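First comes one chain, alone, set out as structure tokens in the form predicted alone.
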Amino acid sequence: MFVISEMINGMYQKVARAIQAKDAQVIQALAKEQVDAGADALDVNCGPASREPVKDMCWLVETIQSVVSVPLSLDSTKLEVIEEGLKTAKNRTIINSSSADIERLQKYIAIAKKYNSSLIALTMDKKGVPQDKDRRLELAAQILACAQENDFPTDEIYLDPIVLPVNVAQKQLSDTLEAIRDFKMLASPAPKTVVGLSNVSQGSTQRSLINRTFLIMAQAHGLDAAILDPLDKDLMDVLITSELILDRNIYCDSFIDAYKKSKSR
């Protein structure tokens, strides 16, 4: 499982204050803490309060990559913000994110090709979030067809089925899990899959428990990556144990420690 940490986001007050004050120590400590906890990549988002998102994104990228070398997932609704971050990045990058809207998607694919970046693509368009699996599959096929038409490798696409909160869209979650499985059959090489895990528990009590349970089920349906909080130890232990049960890692009595050591190499 490829873990993308969600914590360097200006929506969090601590991060927003650090961005505003250009407090590199806060951001760097958070970056190192998340990588040490098992993050394979860091999602980087200036947040909605940023007055100069281009400058803030470049500052964040420079600040983070001075202390860790993991890939950065550049997260913004504005393509110009993402592109400036890509110019600044020295290591592997992921663009977070486009949608199935063809006009928008073509622009994001062009940028991803230019900077040798992977691309997260949401299975939604101007009509909004799909209400069933069939519509998710239709939009996923549209995304992959556009990638192929523009000579962008389908295995560099992360398809996001869009996880909705269980307290408002409970009936959609089984469709979402099935979509994760079925996305793999839409192209060769197969696309990757990703979810924003914390969305499933938004507005609910027992958030960590709901997140853990959904993650296990999504892993069993073939999920490749998740944007999550690696500082949630119970969540990470469940992730590691699920990988073991799915025969993706070799068993030993200290399998959690062994997994963590293998990721730190």
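In this text, residue numbers run from 1 along the sequence as written. Not measured: the values here are computed from a predicted model.
Not pictured, yet referred to below: the form predicted together with another copy of the chain.
Interface residue in the predicted complex among Val68, Ile210, Val26, Cys58, criterion: non-hydrogen atom within 4.5 angstroms of another copy of the chain
For this set of options, the contacting one is Ile210.
Identify, from the list Ala89, Leu177, Ile162, Leu137, the residue with a heavy atom within 4.5 Å of another copy of the chain in the predicted complex.
Of the candidates Ala89, Leu177, Ile162, Leu137, Leu177 is the one lying within 4.5 Å of another copy of the chain in the predicted complex.
Residue-level question: is Ala49 within 4.5 Å of another copy of the chain in the predicted complex, judged on heavy atoms?
It does not: once another copy of the chain is placed as it appears in the predicted complex, Ala49 has no heavy atom within 4.5 Å of it.
Can any non-hydrogen atom of Ile256 be found within 4.5 angstroms of another copy of the chain in the predicted complex?
Heavy-atom contact with another copy of the chain at 4.5 Å: present for Ile256.
Are any of the heavy atoms in Ala16 no more than 4.5 Å from a heavy atom of another copy of the chain in the predicted complex?
No, no contact at 4.5 Å.
Heavy atom to heavy atom, is Thr77 within 4.5 Å of another copy of the chain in the predicted complex?
Although another copy of the chain is absent here, Thr77 would stay clear of it in the predicted complex, with no heavy atoms inside 4.5 Å.
Based on heavy atom distances of 4.5 Å or less, which listed stretch (37-45, 60-68, 224-232, 201-209) is in contact with another copy of the chain in the predicted complex?
Of the stretches listed, the one contacting the partner is 201-209.
Taking another copy of the chain in the predicted complex, which residues along 233-255 bring a heavy atom to within 4.5 Å of it?
Stretch hits, in order: Asp237, Val238, Thr241, Ser242, Leu244, Ile245, Leu246, Asp247, Asn249, Ile250, Tyr251, Asp253, Phe255.
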